[in-house]
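Single chain ahead, written as structure tokens, the form predicted on its own.
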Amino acid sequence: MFEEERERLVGDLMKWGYLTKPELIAAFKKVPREGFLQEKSQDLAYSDQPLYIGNGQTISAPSMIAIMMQTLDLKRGQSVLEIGAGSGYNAALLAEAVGESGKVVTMERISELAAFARANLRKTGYGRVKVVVGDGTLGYDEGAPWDRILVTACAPNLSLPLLAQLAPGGKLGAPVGEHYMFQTWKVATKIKGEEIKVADHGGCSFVPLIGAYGWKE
């Protein structure tokens, strides 16, 4: 039902320059965004806009998701930690990008959303993704060090525990700034030891990251 719309959106994202990497193009073509939305929003699945998913949270616009993932330089076999599972859509894209030999864990502080994400991932064929309920700003020691960490909510600064859990050469992508404004998508790369190099990749707008190293509720 949605295949033509999905192909059209991917074509637009490529034409606009948001999607250039073959593995990500393939992931966006395969993962059914409608399967990660509330039923009332499914008709808007392939519009390039953020959509409400419940509990005060949203799923990002596809163009923003493409920017996030392109800047992380995802590869087969990598281990990836996502902070902010939401509806599970990003985690499914990550699972496609890193393949069966990779590993994806996604963390969500809101238990109802975690259950929604887990159910969505299972029904769309991505049950191999592990969904964890907890404070994502503290990271997930059990699977560390991580090759890539993707943060899908904005904090005033990059989380120190997350940076500590990066593998050598690993990358962390996160929005940094104030609530819904003056935010920048940043990618931090662990060079060697504790040396971190941070690059800016333009403005963005995300919900607040709540937790010990984010904003308080």
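Quick caveat, the model's predicted, so the values are computed rather than measured. A residue's number is simply how far along the shown sequence it sits, counting from 1.
As for the form predicted together with ligand SAH, it is not shown, yet the points below apply to it.
Enquirer: Quick one: does S41 come within 4.5 Å of ligand SAH in the predicted bound form, counting heavy atoms only?
Expert: No, no contact at 4.5 Å.
Enquirer: Please run the contact check for R109 against ligand SAH in the predicted bound form: heavy atoms, 4.5 angstroms, yes or no?
Expert: Although ligand SAH is absent here, R109 would touch it in the predicted bound form, with heavy atoms inside 4.5 Å.
Enquirer: Can you tell me if G134 lies within 4.5 angstroms of ligand SAH in the predicted bound form, counting non-hydrogen atoms only?
Expert: Answer yes; at least one heavy atom of G134 falls within 4.5 Å of ligand SAH in the predicted bound form.
Enquirer: Heavy atoms within 4.5 Å of ligand SAH in the predicted bound form: does V207 have any?
Expert: Result yes; V207 sits at the interface with ligand SAH in the predicted bound form.
Enquirer: Tell me, which of V98, L72, L113, L121 has a heavy atom within 4.5 angstroms of ligand SAH in the predicted bound form?
Expert: Of V98, L72, L113, L121, the residue with a heavy atom within 4.5 Å of ligand SAH in the predicted bound form is L113.
Enquirer: In the predicted bound form, which of the listed residues (Q183, Q165, T189, T58) lies with a heavy atom within 4.5 Å of ligand SAH?
Expert: It is T58.
Enquirer: With the distance limit set at 4.5 angstroms and only heavy atoms considered, check whether G84, Y89 and A153 all reach ligand SAH in the predicted bound form.
Expert: Verified in the predicted bound form; spot residues all in contact, yes.
Enquirer: Can you tell me which of 167 to 175, 145 to 153, 22 to 30, 41 to 49 lies within 4.5 Å of ligand SAH in the predicted bound form, counting heavy atoms only?
Expert: Residues of 145 to 153 come within 4.5 Å of the partner.
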